[in-house]
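One chain comes next, on its own, written out as structure tokens in the form predicted alone.
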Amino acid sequence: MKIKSIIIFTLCVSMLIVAACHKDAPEKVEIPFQGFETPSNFPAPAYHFETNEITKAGFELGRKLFYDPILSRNNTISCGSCHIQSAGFTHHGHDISHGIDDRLGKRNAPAIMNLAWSKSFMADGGIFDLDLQPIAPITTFEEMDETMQHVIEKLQQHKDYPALFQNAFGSSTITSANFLKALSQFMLMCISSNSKYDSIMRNEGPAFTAAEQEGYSIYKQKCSQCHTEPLFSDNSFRNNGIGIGYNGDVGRYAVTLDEADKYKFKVPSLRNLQYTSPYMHDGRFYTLDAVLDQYVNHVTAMPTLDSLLQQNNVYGIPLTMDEKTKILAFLNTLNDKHFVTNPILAEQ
């Protein structure tokens, strides 16, 4: 009887412990899917939503694909490997991206952010439709080194994906078109619009500090023609005078074969610079101080140098130390912590 009592007592204690642990465990909160919404301070998007409506099932499928290394030749590299959410969906700490087998690319990974408002993609604008963009990293030797055909075959044989495609697109037969649309649905939802600047523009938050307001004024005078608000890029291609990179990247010229496009690259957004170091198309600058110093003191005279950087026989952008400090204060208002921590965009 004594042994039996001990056994019963032990079982009761174990059940109480399990119950206590269960009670203390945080419940997983289901985040409601709101779909794509244009921020009130943004212009109309450029993407063709009429051919690819964003749905909860399509978005969740795209998110799963984005973080799945099955898209690479040896199943080791995902889109999320080089586009890390906490780094503003860039490859933090790498001047140029590292792909499969630790192969080196030739450019810094661009931010996956506010792509619904872009009409061209990649630093040279060589891709004109977001639905086609993933083909480049998947098939590039230095990145995923895979073929589209083999990716589709792997997904079709996967235990989960046929059902997920059925749910999202009404067919368990996986096609490249639906595969690419799913990835677009995820990338289109990577919207950064909740910085301090955005709150102010929407009359939702506290005003700029004096330094931020002065920095905003300096930005509008000296930076806004290329980095046009509210997206902080005019999506044009310009030679910003940093000179020819170590690998001789000719930029837009490789797409157009127009001599006037040599060493021109797409103007990047100024949003989330706190998270997206290093900077420039080849990641040569690791600090914003170095970027500003480049524009003030080291702009290189070249045949295709942007005319805005050669005014009155002066190269670059004249800035005092005080102006630099205030511009940096304003740029800090463009950082969007919600974007880099938004759980709906994280790997599930």
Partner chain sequence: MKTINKLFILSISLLSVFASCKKEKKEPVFDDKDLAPLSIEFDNIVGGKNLILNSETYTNAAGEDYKISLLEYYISNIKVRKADGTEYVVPQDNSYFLIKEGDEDHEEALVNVPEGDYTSLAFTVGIDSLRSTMDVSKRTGVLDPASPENDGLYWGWNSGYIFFKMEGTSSAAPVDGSGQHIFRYHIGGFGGYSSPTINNIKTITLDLTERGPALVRKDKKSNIHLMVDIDKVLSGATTVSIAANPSVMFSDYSVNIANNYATMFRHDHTENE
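Residue numbers count along the first chain shown, from 1. Nothing here was measured: the structure is a model prediction, and the numbers come from that model.
This next part talks about the form predicted in complex with its partner chain, which is not shown.
Heavy atoms within 4.5 Å of its partner chain in the predicted bound form are found in exactly one of 226-234, 163-171, 124-132, 207-215, that being 124-132. Interface residue among Q221, N74, Q149, S86, judged by heavy atoms within 4.5 Å of its partner chain in the predicted bound form: Q149. Between its partner chain and the residues L180, L270, C190, V267, the one pair within 4.5 Å by heavy atoms in the predicted bound form involves L180. Using a 4.5 angstroms limit between non-hydrogen atoms, Q274 is distant from its partner chain in the predicted bound form.
By the criterion of a heavy atom within 4.5 Å, T256 is counted among the residues contacting its partner chain in the predicted bound form. In the predicted bound form, A136 approaches its partner chain with a heavy atom inside 4.5 Å. Under a 4.5 angstroms non-hydrogen atom cutoff, its partner chain in the predicted bound form has T51 among its neighbouring residues.
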